[in-house]
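For reference, the chain that follows is the form predicted on its own, supplied as structure tokens.
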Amino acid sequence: MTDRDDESPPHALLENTPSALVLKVGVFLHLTAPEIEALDALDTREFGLAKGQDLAVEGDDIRSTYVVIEGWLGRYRMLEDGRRQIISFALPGDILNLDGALVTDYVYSVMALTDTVVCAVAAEAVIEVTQEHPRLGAAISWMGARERTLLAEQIVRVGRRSAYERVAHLILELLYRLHLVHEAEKRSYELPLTQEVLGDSLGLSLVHVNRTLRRLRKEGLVRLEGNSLSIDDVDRLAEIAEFDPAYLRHEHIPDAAEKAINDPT
């Protein structure tokens, strides 16, 4: 399966229910009606991917930018001997290939980790939206900056944290990210990832992941029933992982940036 560019029937959303993309951008901007319409207009070429299906493979030509409507995807690299490193997770509201108009091919592969719905958007259409709505351009730049901070944390997480700290840190990061798009409760969320996927994300063996999750449960920090994960002691888990949510805080566009957009002269 390679980079998809086909059209399928639009995925039905509840009327008047904000899309995940609108929810995410709405943290950065108090969106106007025309801005919401412009974002919703991007969701016109939706299609589904089955769990385990590749959206794109390393080396493929980039033909589209993608908005994640439902489900989880993973960006990954595969070594010649079959070892896999999951670089990052793409969740509802995330945009894949923000730089699709500037980069010609994929430097990683993208796989659906659950049954997933995505929307294919021509990279040129993203540029047009930013030209017509400069504040949305700022919001898209903000999303790109957040993606870079997530990657920086992933490097530190895999490079320097212990197995115990890695699992704890990722659990908390996902809680914050899912809260943003209303996909999590106060201290719980659905974690539809296998232990193998967790291990490939965290640079851990299946045995290490299993042992660490058992330890977290035994110490009364988390509960995992099926795919439902509950955090019983957020503060203690944050202390263990040295988790500082500053890189995930959701702040409105800075006043200076808002002023510059509204008054470019």
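None of these values were measured; they are calculated from a predicted model. In case it trips you up, residue 1 is the first one in the sequence shown, and so on.
The protein also exists as the form predicted in complex with the DNA; that form is not presented, and the subsequent description refers to it.
- The closest heavy atom approach of residue 30 to the DNA in the predicted complex falls outside 4.5 Å.
- Under a 4.5 angstroms non-hydrogen atom cutoff, the DNA in the predicted complex lacks residue 181 among its neighbouring residues.
- For the chain shown alone, residue 163 is a contact residue for the DNA in the predicted complex, at least one non-hydrogen atom being within 4.5 angstroms.
- The closest heavy atom approach of residue 131 to the DNA in the predicted complex falls outside 4.5 Å.
- Shown without its partner, this chain lists 126, 193, 110, 171 as candidates; in the predicted complex, only 193 has a non-hydrogen atom within 4.5 angstroms of the DNA.
- Residues within 4.5 angstroms of the DNA in the predicted complex, judged by any non-hydrogen atom, belong to 202-210 and to none of the other stretches in 202-210, 37-45, 63-71, 235-243.
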